[in-house]
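The form predicted alone is given below as one chain in structure tokens.
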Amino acid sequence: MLTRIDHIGIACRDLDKTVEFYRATYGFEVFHSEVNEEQGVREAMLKINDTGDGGASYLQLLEPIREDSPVGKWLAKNGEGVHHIAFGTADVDTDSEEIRAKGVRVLYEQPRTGSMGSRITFLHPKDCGGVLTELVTAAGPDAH
């Protein structure tokens, strides 16, 4: 089922300033950046390390491009900080259905497109100990 911690999502108000903090403080560099219109965010993926399953672990810095986006609403309510944790899986479709069958609410009926062409879905935080949880299947071996 789940093979790694794919990333930890961190909501921020100023992506460039936050990237610079992680670069100056920890030496992390931007591996990938994009604007995801569907999710309403501008994001930067900072690669932390490679993992044993051929993937990698990242910090995902998220700046909302719209106040009404999920991250924009979350940021207005909670302020900057950890937004979600994401687990890597080889098959987000199968794993999300198995988790749904265990009584956990899956927020998307069908997985959507995420960072770097991945396929993603989210699990309701009220069913996951207060933690918004994402499941991620990477686009392919060239994606990481």
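Given the structure is predicted, the values throughout are model-derived calculations rather than measurements. We number the residues from 1 along the sequence you see.
The form predicted together with another copy of the chain is left out here; the points below concern that form.
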- Message: Exactly one residue in 91, 29, 67, 50 has a non-hydrogen atom within 4.5 Å of another copy of the chain in the predicted bound form; which is it?
- Response: 50
- Kindly confirm or deny that 20, 108 and 110 each have some heavy atom within 4.5 angstroms of another copy of the chain in the predicted bound form. no
- So in the predicted bound form, does any heavy atom of residue 85 sit within 4.5 Å of another copy of the chain? yes
- Counting only non-hydrogen atoms and a 4.5 angstroms cut-off, does residue 45 reach another copy of the chain in the predicted bound form? no
- Would residue 81 count as a contact of another copy of the chain in the predicted bound form, using a 4.5 angstroms cut-off between non-hydrogen atoms? yes
- another copy of the chain contact at residue 116 in the predicted bound form, heavy atom, 4.5 Å: no
- Going by heavy atoms, what in 115 to 134 lies within 4.5 angstroms of another copy of the chain in the predicted bound form? 123, 127, 128, 129, 130, 131, 133
